[in-house]
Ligand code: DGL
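Quick heads-up: it's one chain on its own, the form predicted on its own, in structure tokens.
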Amino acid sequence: MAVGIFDSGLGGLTVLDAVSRRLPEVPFVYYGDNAHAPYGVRSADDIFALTCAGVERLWQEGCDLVVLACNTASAAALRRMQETWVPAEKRVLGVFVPLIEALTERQWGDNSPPREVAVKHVALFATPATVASRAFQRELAFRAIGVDVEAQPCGGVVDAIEQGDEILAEALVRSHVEALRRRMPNPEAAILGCTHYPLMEKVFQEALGPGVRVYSQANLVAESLADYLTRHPEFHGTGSATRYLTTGDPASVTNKATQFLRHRIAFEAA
């Protein structure tokens, strides 16, 4: 048994990299649905169906615990999956809650009522589907009150990153930050609500300015997963080798992923 990491493409590799460093003794199976990426422009029903298919494939690999390292899937599909589809002996977790817990300065697993927090003005950068779902605002409302969230759908950024076009990705990031600041001139914090965006974190920070704290997900998710496995050791996998599965062309995805992470990893057909 291993822990599954699901993403629509390559962005989840930022999460896998962080959880592997935090939990070196845990084996992982990564599933990238590269054949259907990006998810951010798909309908909620499409995202639900594709995410369920990927999670089922990870279950076949013995991954009774799966982390959706994809904000779009977490936003558009996770709640529906947990309420109507995931069997009692399996677990599927998302990536929003650890980010919100950090933003609101709550301990991992703190389920106390929502309360006032220090940060009042938050910028959210995410895919169009994640923004449309309003999942971030919904999860935030469970933990904090009085927080104004301005969301910016960042069309094109994931495509540019997946294609390795850093110049275009940087230009798009700056354009999206400018668009958001016209509506919220002085955000106190910014959420990078896509697992691809850590690769552009410096660009977001430069465009936002030094007075804005930028929250990225990978390390927060890694810490949250470590805490979860401490509390639920029955999902702690055995073995040592991490595997990489893709619905796309394995050779092409391997090349892109190696460029993405700047060290070689080898994908096999899902």
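For clarity, every value in this text was computed on a predicted model and none was experimentally measured. So that there is no doubt, residue numbering starts at 1 and follows the sequence shown.
From this point on, the text means the form predicted in complex with D-glutamic acid (DGL), which you will not see here.
Colleague: Considering Leu124, Val173, Ala77, Cys194, which brings a non-hydrogen atom within 4.5 Å of D-glutamic acid (DGL) in the predicted complex?
Modeller: Checking each option against D-glutamic acid (DGL) in the predicted complex, the one that comes within 4.5 Å is Cys194.
Colleague: Using a 4.5 Å heavy atom cut-off, which stretch among 6-14, 243-251, 19-27, 258-266 contacts D-glutamic acid (DGL) in the predicted complex?
Modeller: Within 4.5 Å of the partner lies stretch 6-14.
Colleague: Answer yes if any heavy atom of Gly40 is within 4.5 Å of a heavy atom of D-glutamic acid (DGL) in the predicted complex; otherwise answer no.
Modeller: Gly40: contacts D-glutamic acid (DGL) in the predicted complex.
Colleague: For 133-158: residues with a non-hydrogen atom within 4.5 angstroms of D-glutamic acid (DGL) in the predicted complex?
Modeller: Sequence-ordered list has one entry, Val158.
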